[in-house]
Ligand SMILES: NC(=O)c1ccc[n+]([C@@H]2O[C@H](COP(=O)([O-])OP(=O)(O)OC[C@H]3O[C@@H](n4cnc5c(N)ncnc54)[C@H](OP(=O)(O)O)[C@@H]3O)[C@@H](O)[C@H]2O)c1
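The chain that follows stands alone, in the form predicted on its own, written as structure tokens.
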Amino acid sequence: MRKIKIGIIGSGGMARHHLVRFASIPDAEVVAIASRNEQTGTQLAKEHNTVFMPEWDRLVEREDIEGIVICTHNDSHGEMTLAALRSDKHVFVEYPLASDIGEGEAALRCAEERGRVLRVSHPEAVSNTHKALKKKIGELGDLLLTSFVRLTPGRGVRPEILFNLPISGTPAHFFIYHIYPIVDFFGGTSSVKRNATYEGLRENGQYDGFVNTLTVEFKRGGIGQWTWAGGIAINAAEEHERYVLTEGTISDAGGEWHCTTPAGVTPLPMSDLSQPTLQALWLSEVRDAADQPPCLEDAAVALEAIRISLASE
């Protein structure tokens, strides 16, 4: 079986993560790494016995590369994804898909026109939990309300990234991995209302704390609410998630999902079947694209998710 040759853009933690995953797949070969940080890029390329290129745009133009993996800051995802697709490359990009709606729409359109695979790194496609939730939601009638709350003390290990509007966008955009699964469950929205408060906001777009809320109406009915707060005085991080439907409610209690109906409370059954990694799934889609148009359902959900997250600006 021929190997699929891959180029990676980025040399941080996620680039290392993807390199390890691809290295474990026999039919994948990482042939080059591009990074604006020459020191970390050179070191990573050396560790994995591959080539370092300082210019990412030269990487996506290489004719010997079939797929591009993008693991850079949020603000560059859209530009790099479009450039790779326009060079007839298949793309695997870290979420969010883009930080501009126009770029996200153009990327999806380009992938469809050129028959290229475009997958965003949302893990729900290979998640047993997500599949179990989706099945149960389909059994419990119509959506009334879905709510999500995340409260975080302190500023984390890399506040220069999260607490930075120019690089990562609003908290809702940074935490888009909370929005994507709900869009996958309930579809697109007809309206978005948002509010954001930033403590210590400076001219360079960095800040010390935040509260960001979103309330949406789904086109098929029901309300969605998200609340994120960070850099706040709280003893420990808290996260709560609920799906309230006409026939029952699904709740996340301490990492364990339960379903409440008039008959009582039961744990949500989960499959223990082994799932492929996202990297392996993407490679299989790249192989299949030679014979049939790729499925872009994941990219379409990712695009709808950024419509919501970017509305929080």
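Residues carry their position along the shown sequence, with the first being 1. Being a predicted model, the structure only gives us computed values, none of them experimental.
Omitted from view is the form predicted in complex with the ligand, to which the following refers.
- When the ligand is considered in the predicted bound form, only one residue from 48, 62, 36, 287 comes within 4.5 Å through any heavy atom, namely 36.
- Exactly one listed residue, out of 143, 133, 80, 216, brings a non-hydrogen atom to within 4.5 Å of the ligand in the predicted bound form: 80.
- Residues within 4.5 angstroms of the ligand in the predicted bound form, judged by any non-hydrogen atom, belong to 28-36 and to none of the other stretches in 242-250, 268-276, 28-36, 255-263.
- Contact check for 147, 192 and 224: none of the three has a heavy atom within 4.5 Å of the ligand in the predicted bound form.
- None of the heavy atoms of residue 207 is located within 4.5 Å of the ligand in the predicted bound form.
- The closest non-hydrogen atom of residue 182 lies beyond 4.5 Å of the ligand in the predicted bound form.
- Of the heavy atoms in residue 294, none are within 4.5 Å of the ligand in the predicted bound form.
- Put simply, residue 74 is close to the ligand in the predicted bound form: some heavy atom of it is within 4.5 Å.
- Taking the ligand as it sits in the predicted bound form, the stretch 109-123 comes within 4.5 angstroms of it through a non-hydrogen atom at just one residue, 121.
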